[in-house]
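Next up is one chain by itself, shown in structure tokens, the form predicted on its own.
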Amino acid sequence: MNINMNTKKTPSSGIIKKQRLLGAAFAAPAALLVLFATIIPVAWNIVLSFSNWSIIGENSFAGLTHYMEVFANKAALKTVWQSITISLVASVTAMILGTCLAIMIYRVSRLEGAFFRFLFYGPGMLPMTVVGLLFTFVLATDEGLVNNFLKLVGLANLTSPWLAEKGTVLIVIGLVQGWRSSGTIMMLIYTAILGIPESLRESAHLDGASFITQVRRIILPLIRSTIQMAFSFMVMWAFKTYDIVWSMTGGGPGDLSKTTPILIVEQAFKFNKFGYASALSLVYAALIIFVIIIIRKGLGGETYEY
């Protein structure tokens, strides 16, 4: 009795080693970039947070002194709260505006959609400092476009020094940052919507569902994971409130709009308190990670197979 056994040929160990070496060679530049641009700076930042170092002085061990100082400093905690306020306003603004724009563009033709995508994504290509400087003129108290428009339409009682009042400065900065980032959110949401099979929407339309119902019952649930991802990215971007705040108010008036990134740079490069600045930056980074985890848990996000 003859038994034929088919054996699969496997690549020799030499070929496998060559493939691994080739893969390592391609990954090496990116790994070096991550090492020198991220891992080493973060490790050095952790070391600095436990030491006293001011460039010209000697480096001595400080233990948890800087961390205790961070939590005991009311001014530092105030900047954290102001950073959270700006981030919250910016993230909500960008998500609502970006999602609405994506849904509206999805409804128009391809030619019109291409034009509106370019138009609404335009602000996202501008540097944050340029946007900030632009809106300092738009929101100026006496010669600003907003106040002059309100006066023109007979609503002079609504004029305000938008960037100089405690109740408005943080919200206005958040709105500007959210508007600037809404184009990126729009593109992410629009791409996710295009991935939904057209047959699902057509079936709903044949069943008599309006477009609003389709958005609520089909589109938004199916892109929930993308919304979660976009919201997480937006929160990370919004917490980096240095350039937009510095270009619009410089952290003022007084310290009404001073955020944690501004305080970190100030403590490090103005007062040479690198240990304290490092501790504050690590506490701030831990806060951002915690907020993102809460967002991801809260939004959930499910994956659907069509």
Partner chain sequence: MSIKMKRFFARNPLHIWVFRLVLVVLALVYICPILFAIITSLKTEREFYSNIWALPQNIRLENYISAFKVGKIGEYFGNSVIIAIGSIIPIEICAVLLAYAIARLKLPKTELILIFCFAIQLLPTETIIIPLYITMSKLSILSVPYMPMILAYAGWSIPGTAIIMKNYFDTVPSELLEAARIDGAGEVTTLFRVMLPLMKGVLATCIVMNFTFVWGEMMWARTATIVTTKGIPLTVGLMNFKSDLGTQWPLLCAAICLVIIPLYLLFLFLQKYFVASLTAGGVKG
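Computed from a predicted structure; not experimentally measured. What we label the rigid core is the largest C-alpha set whose atoms superpose within 1.5 Å from one form to the other. Residue numbers count along the first chain shown, from 1.
One more form of this protein should be noted, the form predicted together with the partner chain, which is absent from this view; the next part is about it.
Candidate stretches 71-79, 84-92, 124-132, 216-224, one within 4.5 Å of the partner chain in the model of the complex by heavy atom: Careful reading of the contacts points to 124-132.
Residue among 169, 235, 193, 101 with a heavy atom within 4.5 Å of the partner chain in the model of the complex: Comparing distances to the partner chain in the model of the complex, the residue within 4.5 Å is 101.
The partner chain contact at residue 62 in the model of the complex, heavy atom, 4.5 Å: Contact with the partner chain, no.
Interface membership of residue 152, the partner chain in the model of the complex, 4.5 Å heavy atom rule: It does: once the partner chain is placed as it appears in the model of the complex, residue 152 has a heavy atom within 4.5 Å of it.
Residue 140 within 4.5 Å of the partner chain in the model of the complex, heavy atoms: Looking in the model of the complex, residue contacts with the partner chain include residue 140, since a heavy atom lies within 4.5 Å.
Partner proximity in the model of the complex: residue 19 to the partner chain, non-hydrogen atom cutoff 4.5 Å: Yes, residue 19 sits close enough to the partner chain in the model of the complex that at least one of its heavy atoms falls within 4.5 Å.
Stretch 176-193: residues contacting the partner chain in the model of the complex, 4.5 Å heavy atom cut-off: 179, 182, 184, 187, 188, 191 sit within 4.5 Å of the partner.
Shift of residue 28 between this form and the one not shown at or above 2 Å (CA, core fit): True for residue 28: a C-alpha shift of 2 Å or more.
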